[in-house]
Structure formats: structure tokens, C-alpha cells
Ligand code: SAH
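Next up: just one chain, as C-alpha cells, the form predicted alone.
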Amino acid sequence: MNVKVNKKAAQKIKNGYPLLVEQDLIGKFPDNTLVTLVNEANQPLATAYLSKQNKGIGWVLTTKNEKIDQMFYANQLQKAKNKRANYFADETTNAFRVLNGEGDYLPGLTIDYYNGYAVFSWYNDFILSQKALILQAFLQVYPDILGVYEKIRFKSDIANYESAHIHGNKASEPWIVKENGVNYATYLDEGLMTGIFLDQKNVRGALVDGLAVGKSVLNTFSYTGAFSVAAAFGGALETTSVDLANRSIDKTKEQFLVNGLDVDAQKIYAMDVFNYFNYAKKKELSYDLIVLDPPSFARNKKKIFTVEKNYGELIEASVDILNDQGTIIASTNAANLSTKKFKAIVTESLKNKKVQFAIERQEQLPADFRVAPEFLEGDYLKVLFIKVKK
């Protein structure tokens, strides 16, 4: 089926921009189907699929004259695999992303590798409807895979579950993966989360490689304590992990245990982070390094947290319990916030505290989370390493 796009959209497609929004299309259009995009002169531009999602209404798959079949998917997966040869050769890391959606020119799907197992994440109904073809293509490219799981990361019309095992063996629980030489306990079929966010490997790597040595570390919004374990593994004097969820206590303890680290030497709290800041201030506790990696949106009984409105409060509260010449790792995965805006929020808050500071390092997505040069907004992660002189 042909679907006509306007002149502006036609130029974007020629420039390689993959995302389609409703304003790009002329006239009525279908949903959850492959289409041929044509310009106003009815000349073909690309093969795309239309499927409503949180980002626009569809994606361009190819501007070449290609059939969208198992061979097409296998080719995309093989190209993505080839680009990650260094990760497969790295004996210190066996958990990483092997397909990053539009960054690997297969939008709507990500695939993560967990020490021999794969976890597919689907983001719209069309790409989910292609599961049989894509799975067979994946097995063609990864014949030695031990098993495959899937996550449904959107409200689907064709799947009413979040997570499932779909092929091969099931992983033992916990399934131990390695990153930068550190072990992490993961659970591949426990809801949408696995226990580790693979996009933060470079930040954890910095903690392992010396940033935390001899330092007291506070890890806020700590989830399963991955930053804390990386810091302890990298020689931190002590770590403190704080997360609102009660389950974070046992999950964090487990991460230390699978590395043979002394759990009793660590402090782990199930507590609202802002309440912990107040507690630490009253108890005159202070830290050499504070990690701030909140969710983009969070709600508790008393407060709604958003990065744009409330991140500055986190920075200011951190300064109050940060030692002189201490470091703040300020991180966000808020895709709707530019690096420039995030940096402005952070620096303005530090100026409000009347401290001297320097941004010594910046991180974005690691190389396995490939970003297409034609779609730079896909690089959602923003991390600042800030040295503060009080």
C-alpha cells in the first residue's frame, strides 16, 4: 500500500531520518502494517511500517528496494552483531546490547545479550507481529544462543503480558553476568526489569577503574545497588545505597554476595532519597562521591518527581552532604531533556549553593547502544562527573 508524505517529510526521509509522525502523512493511513512511502509526485521513497507508539506513528525500515522478510531481518541483525565484535571478544564483560532499535536500523526492537541468553524488547504492535520472522532470523545469526526472553514495553493489542520465555533453555535464577570484571545477579523473566541497566556500563566502569578508590560513596535511587557494587569492587572505603523500594535491600545484598564482598560492611536503606538527605544532614554524615540517577518520573505518597522540575533539588541537597573536593555523578535518561538543558539545570543549582565546580567528564550511551547519526535524539543518556570545591 502506498502512503503519501509531504515535501518536508520527503526531504527528511531522503536525509535518513527514520521516525514518522502524523503530520508527515497526507490523507488517511492504516495502522500496524507495512507501507510504501511516496512523495507528492507518487515516486517511491522508502518502505516503512505504521504502528502507533509513544514515539510518533511509525518508522522507515529501508530506502532501498528490499523485501521485508526473514532475510532482511537476518541482515540487519548480522550487521549489528559485526559492529559488536569487540564486546564478544571482551572476557571481562558478557552483558551488552546487540541490537539498538533505530540505531541499528531495525526500529521498534532492542535485543540485549546476557551471558548466552537474549532478551528482546518490543515497542509496538507491528514489530511484535513480526516476532516469528525476527526470532528465526535471530537464531540464524546466533545459532549458539542458550535461550530467548521477551519484554512487551508498550500497551499492546496482541499481547497482554509483560515478560515471557520464548525459546530454548531457561536461565537459572539469579543468572550471573559479568561487566568490567564485576558479577551482577540478573533475573531475565521477572517483569520488565532484569536487575541491571546495561546503558550505564561506562559509569560503572569508571567506578571500577579507580574513581571510587578510598572514597565513601552514596548511591541514591540505587535499585539493585549496581553502582555501589562497582564502587566497592573498585576500592571504595564504604558504600551507602538508598532506594524507596523495600525489595532493593535484598537485591543489593545479593549483588555484593555474588562478588564475594562483605555485605555487613555496606549500608543499605529502603527510604525516600530526599528524606535520607535530611537524615544524613542531621546525623552529620558526608560522602566523597554521590551518585544521582533517578527515574525520569517517580511518585510517592507525598511527592511527584520529574527530572526537569526536581533534579536541581537533588543537586542542592547533595552539596549539603558532600565532602570538600567531592564528586557528584549526575545522570538522567530523560529522552525529552537535551544535554544542554540538563547541564543548565545542574550548573544553575550548583551556583545557587555558591560552590566552585568543574565538569570533569561527560558520558552518553555506550558504544553497544548504537545511535544513528540521522537520529541523534536516540542518544537519551546524559551523565556529568562534577568535582565540587566547597
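Residue numbers here begin at 1 and follow the sequence given. No experiment lies behind these values; they were computed from the predicted model shown.
Same protein, other form: the form predicted together with S-adenosyl-L-homocysteine (SAH), not shown, and the subject of what follows.
Report yes if all three of 9, 17 and 105 come within 4.5 Å of S-adenosyl-L-homocysteine (SAH) in the predicted bound form by some heavy atom, otherwise no. No, because 9, 17 and 105 lack any heavy atom that approaches S-adenosyl-L-homocysteine (SAH) to within 4.5 Å in the predicted bound form.
Heavy atom within 4.5 Å of S-adenosyl-L-homocysteine (SAH) in the predicted bound form - residue from 164, 213, 298, 145: So the residue touching S-adenosyl-L-homocysteine (SAH) in the predicted bound form, by this definition, is 298.
Heavy atom within 4.5 Å of S-adenosyl-L-homocysteine (SAH) in the predicted bound form - residue from 249, 257, 237, 244: Contact with S-adenosyl-L-homocysteine (SAH) in the predicted bound form is made by 244 alone.
Quick check for you: of 71 to 79, 119 to 127, 218 to 226, 148 to 156, which stretch puts a non-hydrogen atom within 4.5 Å of S-adenosyl-L-homocysteine (SAH) in the predicted bound form? Every other range fails; the passing one is 218 to 226.
My question is simply whether residue 197 lines the interface with S-adenosyl-L-homocysteine (SAH) in the predicted bound form - judged by any non-hydrogen atom within 4.5 Å. Yes, contact at 4.5 Å.
Does residue 189 make contact with S-adenosyl-L-homocysteine (SAH) in the predicted bound form, using a 4.5 Å heavy atom cut-off? No, residue 189 stays farther than 4.5 Å from S-adenosyl-L-homocysteine (SAH) in the predicted bound form.
Does any heavy atom of residue 271 come within 4.5 Å of a heavy atom of S-adenosyl-L-homocysteine (SAH) in the predicted bound form? Yes, residue 271 lies within 4.5 Å of S-adenosyl-L-homocysteine (SAH) in the predicted bound form.
For residue 179, is any heavy atom within 4.5 Å of S-adenosyl-L-homocysteine (SAH) in the predicted bound form, or not? Outside the cut-off, so no.
Sequence-ordered residues of 177 to 192 touching S-adenosyl-L-homocysteine (SAH) in the predicted bound form, heavy atom within 4.5 Å: Heavy-atom contacts within 4.5 Å come from no residue here.
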